[in-house]
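Only one chain is shown below, in structure tokens, and it's the form predicted alone.
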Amino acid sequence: MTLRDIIYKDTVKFILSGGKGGVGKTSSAGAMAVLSAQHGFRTLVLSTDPAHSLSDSFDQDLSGGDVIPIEGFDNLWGMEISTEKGMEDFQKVIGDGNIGPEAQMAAGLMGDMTGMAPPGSDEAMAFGKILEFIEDSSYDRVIFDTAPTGHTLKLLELPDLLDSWLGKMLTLRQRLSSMMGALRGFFGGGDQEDSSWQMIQQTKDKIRAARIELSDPDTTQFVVVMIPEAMAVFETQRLLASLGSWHIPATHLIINQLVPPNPSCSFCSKRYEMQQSNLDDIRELYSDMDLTEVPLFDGEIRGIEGLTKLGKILIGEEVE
């Protein structure tokens, strides 16, 4: 499947752009989002990277944790996830007394509930957005600009971690339920439904649904972005191995920032030769994947015009 196929295929709802830091993930995500919107899809592009640069790519402030319309489009929106805002919401839910009597007793037995945040808080907030948009039919396409490889791997292993964490919460609930029933009976409180536990079970169900969605090649594609340098090759191998173990479809590689030949420049020639040697290795290593080679631009890729130019290169169209 070519990148053009991925971007223009009606059934693909989720595209994740990821790789080593500094390889052009954000520019690639922005370019794919612009192409998607220009094709007519209602498109949301959002950044799960704690060090956001999506605003810079679109030359528009997309910070604050809210969905913002992209200027110049009526079917393209952007968002930089605010992990601070997400954690504040989480702390409020578990700390304002609305968690039900059984969870309140759990707080007494296990310590302050505000310390019971799920593992990998930044990644948990990002994954929460993935869960949110899997159920949201407002958009035909959601494109994720993910964090550098290490954070992305933590994000993608969260379904297992959260499933285990929520499972422990439910086990605790089972142990406390009979105790709470006896206490309510003793004090004449009667039966009270603790909705927080129902919410936890629903979250577990959503996580399992997300696993299915993210492993379906018809609806999800992970586009790996790299540069032809040894460290990026090593990180790409690690990322693709992890994606394979989690059954997340990844059929396409963007090889970015290729230096053009320049015999009159000794430094440029050495960079060119180094990249070409690594490029040969990449082509051999990933002969079963579709590859797109992108030249190094002579300036920053910023704004709709720059992203459109990059987008045309990504899908094999000529650039004026």
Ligand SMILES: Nc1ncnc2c1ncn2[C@@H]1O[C@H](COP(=O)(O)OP(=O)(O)O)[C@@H](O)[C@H]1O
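Fair warning: this is a prediction, and the values are worked out from it, not measured in the lab. So that there is no doubt, residue numbering starts at 1 and follows the sequence shown.
The form predicted together with the named molecule is left out here; the points below concern that form.
- For the chain shown alone, Ser47 is not a contact residue for the named molecule in the predicted complex, no non-hydrogen atom being within 4.5 angstroms.
- At least one heavy atom of Val294 is located within 4.5 Å of the named molecule in the predicted complex.
- Not displayed here, the named molecule is kept clear of Asp10 by more than 4.5 Å at the level of heavy atoms in the predicted complex.
- Although the partner is absent here, Leu16 is not a contact residue: none of its heavy atoms lies within 4.5 angstroms of the named molecule in the predicted complex.
- The stretch that touches the named molecule in the predicted complex, counting heavy atoms within 4.5 Å, is 253-261, out of 36-44, 270-278, 64-72, 253-261.
- The partner is not shown here, but in the predicted complex the stretch 23-51 reaches within 4.5 angstroms of the named molecule through a heavy atom at Val23, Gly24, Lys25, Thr26, Ser27.
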